[in-house]
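We've got the same protein chain twice here, in two forms, each standing alone as structure tokens: structure 1 and structure 2.
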Structure 1
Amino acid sequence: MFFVVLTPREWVAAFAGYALVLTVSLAVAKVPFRRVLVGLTIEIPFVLFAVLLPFVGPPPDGVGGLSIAGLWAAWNILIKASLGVLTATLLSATTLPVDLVAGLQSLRMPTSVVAILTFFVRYVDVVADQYTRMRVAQQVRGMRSTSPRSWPVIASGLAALFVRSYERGERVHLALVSRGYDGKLPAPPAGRAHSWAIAAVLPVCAAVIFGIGLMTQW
């Protein structure tokens, strides 16, 4: 993504190269097409904004009275957003949250941030389950969550969830110190050479395409 963002919008061939590399990667990783499409829907607000640009941009001097500068700006937003979403989809489809956190730790992310992310990944399901049980308990006693009268109930439910999570945090801390925790989590298992090599394929391809773009200016 670093190279995609750096690439000037006029280098159309370079963007085609990035898209090709990502498409091949998605195919190799066997990411379902439907998942890619669902991922792309997140950029709809940006698309709507980009579509407006050719109409509201500086002097309408181009095709069909549209603004050339506006067309370029719209293209810039569309292609970079799409490539970004494709990259994020590829990452989330091929990497477990646990491995993402381990990766950040290997990349020397501050230990407190890694600890917070580790606990988030571990406990998000526990808290979500608790919330679901609470909602079911509310519904079986006749609460309709669509009515504004339910808002105070939802608010107090969330407050209770916060207090329970806080208390759980304290208990987890007790369990941590009981086993010798002194502020840092153990390092994740070191990545093997071939996993580093696989991880390097995409950035290296992007760098090569960017390099060719630099030389040819397209």
Structure 2
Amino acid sequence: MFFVVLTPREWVAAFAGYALVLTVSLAVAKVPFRRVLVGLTIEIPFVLFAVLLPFVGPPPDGVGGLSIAGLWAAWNILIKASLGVLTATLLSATTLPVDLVAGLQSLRMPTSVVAILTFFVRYVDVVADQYTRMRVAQQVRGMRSTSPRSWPVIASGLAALFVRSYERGERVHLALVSRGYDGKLPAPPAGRAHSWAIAAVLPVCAAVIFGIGLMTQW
């Protein structure tokens, strides 16, 4: 993604190369096509914004009253957002959360960032289960979120969930401190060489495509 962001929007062939590398990687990893489509739905707001740029961007200077600069801006947003979503989908489909945390720790990411991500991975399911139980309890008591009249009830439920999660976090932190936790996580196991080699394939391919672009300007 570092090289994708650096790539000028006019290098269409370079973006085609990035897309080809990602497509092959998704196919090799056997990521379900449905999962890829579901991941792409997250960029719908960016798509809607990009579609408007040719009409609300700089003064029209193209065919049909469109703005050429606006078209380039729309293309820039769409292609980079799509490649970013595909990259994130590939990462999430091929890497367990615990391995992701261990990898970040091996790369010497800030300890606080790794700790926050670790506790998030550990307790997000707990909070989600608690929210589900709260929703079931509300529905059993006849609450139906079908009109704005139910919004205060939903808001109070979310507030209660936040307070409970905050209190749970304090209890977990106190339990860790009482067991000698000093803010540093245990060292991760040593990574296998072939795992790092596989992980380096995409960045190396992106670097090669970007380097060719620098030399040829596509």
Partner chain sequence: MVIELRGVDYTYPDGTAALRDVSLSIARDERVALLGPNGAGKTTLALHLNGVLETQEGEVRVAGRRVERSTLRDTRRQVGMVFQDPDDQLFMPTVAQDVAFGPTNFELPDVPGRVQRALDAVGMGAVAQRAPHHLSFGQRRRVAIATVLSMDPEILVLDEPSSNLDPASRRELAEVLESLDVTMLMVTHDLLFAWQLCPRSIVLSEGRIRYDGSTHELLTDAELLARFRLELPYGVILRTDDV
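All figures in this text were calculated on a predicted structure; none of them were measured in a lab. So that the term is clear: the rigid core is the largest set of C-alpha atoms that superpose within 1.5 Å between two forms. For residue numbers, the reference is structure 1: its sequence is counted from 1.
J.: Pick the form predicted together with its partner chain out of these two and give me its number.
T.: Only structure 1 fits here, because that chain is the form predicted together with its partner chain.
J.: Superposing on the rigid core, is the CA of residue 33 displaced by 2 Å or more between the two structures?
T.: Shift of 2 Å or more: no.
J.: Residue 181: CA shift of at least 2 Å between the two structures after core fit?
T.: Yes, shifts by 2 Å or more.
J.: Once everything's superposed on the core, is residue 49 shifted 2 Å or more at the Cα between the two structures?
T.: Result for residue 49: no, shift under 2 Å.
J.: After superposing on the rigid core, what is the C-alpha displacement of residue 149 between the two structures, in Å?
T.: Residue 149 is displaced by 8.4 Å at its C-alpha.
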